[in-house]
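Here's a solo chain for you in structure tokens, the form predicted alone.
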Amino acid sequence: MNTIRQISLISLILSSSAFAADLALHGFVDARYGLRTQNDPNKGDKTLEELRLQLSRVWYQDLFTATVRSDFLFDGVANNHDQLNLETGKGPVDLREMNVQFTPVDWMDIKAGRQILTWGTGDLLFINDLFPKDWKSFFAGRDEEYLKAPSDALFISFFPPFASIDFAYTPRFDSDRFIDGERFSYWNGAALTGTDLKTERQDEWLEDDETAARIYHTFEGMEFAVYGYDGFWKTPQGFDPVKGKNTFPKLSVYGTSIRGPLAGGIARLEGGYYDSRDDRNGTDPWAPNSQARLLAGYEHEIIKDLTGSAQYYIEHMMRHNEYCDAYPGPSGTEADENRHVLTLRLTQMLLNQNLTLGLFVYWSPSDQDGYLRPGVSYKLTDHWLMEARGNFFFGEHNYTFFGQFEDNSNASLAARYSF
């Protein structure tokens, strides 16, 4: 019955062109179906079974601009149609944007409300971008735009003569939409499981808040930036042994980046120091150690309509010896002091750029695991798009980041109608 009601609603909206024209609505209808490519004893065969309607509207006024963009969906895998949680994206409605933007003075812009925030230089790797991500959508094969989850924030941009300054304040902590057992199995510290991950969230307004800032300036084609963040780990990296729940320890991040043209392409370098404030000594077994992270990347058009990019990324754990001494998990599953990741993206446009072939590869030589994201999309008309996508994980061990998801490997098909 839920499926019938969702389809009836979407059909009604699409059939009423006058309704859309009067309200100046834009959006799309998107249908996706995905299956595991191998058996997972902890989960069923389906990774995607959804019908999604997105509607967006922008109001331009003399003093402000208001935006609303929301998804309405039937999700046959999550099976939580009677629940609604706008923070986690669960339920039949996912409010992507609802904000107002205005310019009180010439040198300042303000946007307040729900919005998608991002900065940094990485391609599907993030160091100073501490805004929420949706890893369940990413691994399931939804459109790449859904990797970025919304923030309920105040975003202010300043434009003094010497640089540009961005400031983001989130009055209540917005975590990632992380892997929690709803759709994918995961490593729980001792074994692979598909049970719901129990967490204790920071949810006090103005007390459990986040602050992020960026100062950037372009000089002779090169963009230089420094970043700061004060809040919490975006995924539940900690654990409370008394309550038996995973936690989000306190975190501050300080970083910098540079990006600009080099040898006909675009080069980027980004670094950050992750100050894990709950375990600066590295001796607490229930809190993550501090880290230093570095990313170097380069993008170039190899031939006409074929673009390639590569990245090298490293996480260096501070006080690794103390971490090993305090490690509470099974022997042999400790994290390495240095985690290395290499990525490669290839994008080929064909048939007057109506056909797109893509491949994104993650490979960690230290963890001996990886993740392949092949995809093909074809634009039938200005309105219709067909897509096939894969998410294939591999690894020598089931306790490494990508290795734990090997049984979650999946392939999906999608059709989208935009209006």
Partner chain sequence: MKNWIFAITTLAVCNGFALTVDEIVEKANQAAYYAGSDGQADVKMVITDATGGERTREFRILRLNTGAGSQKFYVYFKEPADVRQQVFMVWKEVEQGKDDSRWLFLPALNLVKPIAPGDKRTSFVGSDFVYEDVSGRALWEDTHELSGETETQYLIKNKPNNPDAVDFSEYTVAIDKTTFLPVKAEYLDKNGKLFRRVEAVKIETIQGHPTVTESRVEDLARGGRTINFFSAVIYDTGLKESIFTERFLRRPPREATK
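Everything numeric here is computed off the predicted structure, so don't read it as measured data. Numbering follows the first chain given and starts at 1.
Separately, the form predicted together with its partner chain exists; it is not shown, and the next lines address it.
**Q** Heavy atoms, 4.5 Å, its partner chain in the predicted complex: which of 62-70, 362-370, 389-397, 40-48 makes the cut? Say which one.
**A** In short, 62-70.
**Q** Non-hydrogen atoms within 4.5 angstroms of its partner chain in the predicted complex: do Met108, Ile266 and Glu299 all have one?
**A** Yes.
**Q** Which pick from Glu322, Glu223, Asp275, Glu334 sits with a heavy atom within 4.5 Å of its partner chain in the predicted complex?
**A** If I apply the 4.5 Å criterion carefully, the residue I get is Glu223.
**Q** Of the residues Thr118, Asn338, Gln83, Asn281, which one places a heavy atom within 4.5 Å of its partner chain in the predicted complex?
**A** Selected residue: Thr118.
**Q** Heavy atom to heavy atom, is Lys148 within 4.5 Å of its partner chain in the predicted complex?
**A** Yes, Lys148 lies within 4.5 Å of its partner chain in the predicted complex.
**Q** Does Phe159 reach its partner chain in the predicted complex if we count a contact as any heavy atom within 4.5 Å?
**A** Yes, contact at 4.5 Å.
**Q** Would Asp240 show up as a contact with its partner chain in the predicted complex if we use heavy atoms at 4.5 Å?
**A** No, Asp240 is distant from the partner.
**Q** In the predicted complex, does Arg183 have a heavy atom within 4.5 Å of its partner chain?
**A** The answer is no: Arg183 has no heavy atom within 4.5 Å of its partner chain.
**Q** For 368-407: residues with a non-hydrogen atom within 4.5 angstroms of its partner chain in the predicted complex?
**A** Read in sequence order, the residues that approach its partner chain (within 4.5 Å, in the predicted complex) are Tyr378, Lys379, Leu380, Thr381, Asp382.
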